[in-house]
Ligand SMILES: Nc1ncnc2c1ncn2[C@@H]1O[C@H](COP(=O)(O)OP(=O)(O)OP(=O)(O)O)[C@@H](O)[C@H]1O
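One chain follows as structure tokens, the form predicted on its own.
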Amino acid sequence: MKDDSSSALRELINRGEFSFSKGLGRKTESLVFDRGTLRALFEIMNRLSIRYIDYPVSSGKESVVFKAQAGGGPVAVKIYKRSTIKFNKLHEYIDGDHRFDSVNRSRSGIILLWARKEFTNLLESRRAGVLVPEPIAINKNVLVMKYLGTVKRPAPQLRKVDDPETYYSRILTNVRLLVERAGLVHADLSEFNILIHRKKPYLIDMAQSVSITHPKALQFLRRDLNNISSFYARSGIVTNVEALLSELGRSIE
């Protein structure tokens, strides 16, 4: 039986993610490896002594994440697609976050900002003690992080584990640390964006995360907590996030 990684790789190949027949310099709808991305990937692989790209861990409209092998062990390489990111959606999480007021807002600039925003959010979260992937380096639209998972497969999403109730309290602790110490709101938290690695819940996909001074920070926090509560309710687990929302809301307002 073939593992999930081989089928994921086949899926990307079938979708044309690795097709160069249309020319590397042309804008295409779904290519990951345009000319600029290949250059950025080559540079960061040399800088970090990454020997090879192993297999894709996840693929979405905005990015693809690969497991790769560096000198110090496995890493995750996240590549933000230049052609399929929906820019109108991104502005909701950028405008109002004063950390990035002076950044170039052109189409190409927004892509680089989105990657740098995730790198910055991961750094600030790690310093605050939040369980997130450790960021290692960034080059344009290529972000390298510590890999979460085993040799055979990436760490599973919260929605795929057999004992999600085990992690409920630690997830809320992460949310609290994120707000109170890092001064951030995840803004897209759900059972899809939490990985279980070595029996601990890690928050991932943090490009959209905003400062608590963002005008929609409280709205995003309420949505995050409601998403977690709804997931656990569907699993038959009683939750109460209202008290935490009220408490953390005072840090934001």
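On a predicted model such as this, the values are computed, not experimentally measured, just so you know. Counting begins at 1, following the sequence as shown.
If you look for the form predicted together with the named molecule, you will not find it shown, but the lines that follow are about it.
The single contact residue among R181, R126, K146, R99, judged by any heavy atom lying within 4.5 Å of the named molecule in the predicted complex, is K146.
Though the named molecule is absent from this view, in the predicted complex it lies within 4.5 Å of a heavy atom of just one residue from D54, D34, D224, E62, which is E62.
Residues placing heavy atoms within 4.5 Å of the named molecule in the predicted complex fall in a single listed stretch, namely 54 to 62, out of 36 to 44, 54 to 62, 211 to 219, 224 to 232.
Contact check for Q157: a non-hydrogen atom falls within 4.5 Å of the named molecule in the predicted complex. None of the heavy atoms of V130 is located within 4.5 Å of the named molecule in the predicted complex.
At a distance threshold of 4.5 angstroms between non-hydrogen atoms, Q69 is out of contact with the named molecule in the predicted complex. Using a 4.5 angstroms limit between non-hydrogen atoms, I196 is distant from the named molecule in the predicted complex.
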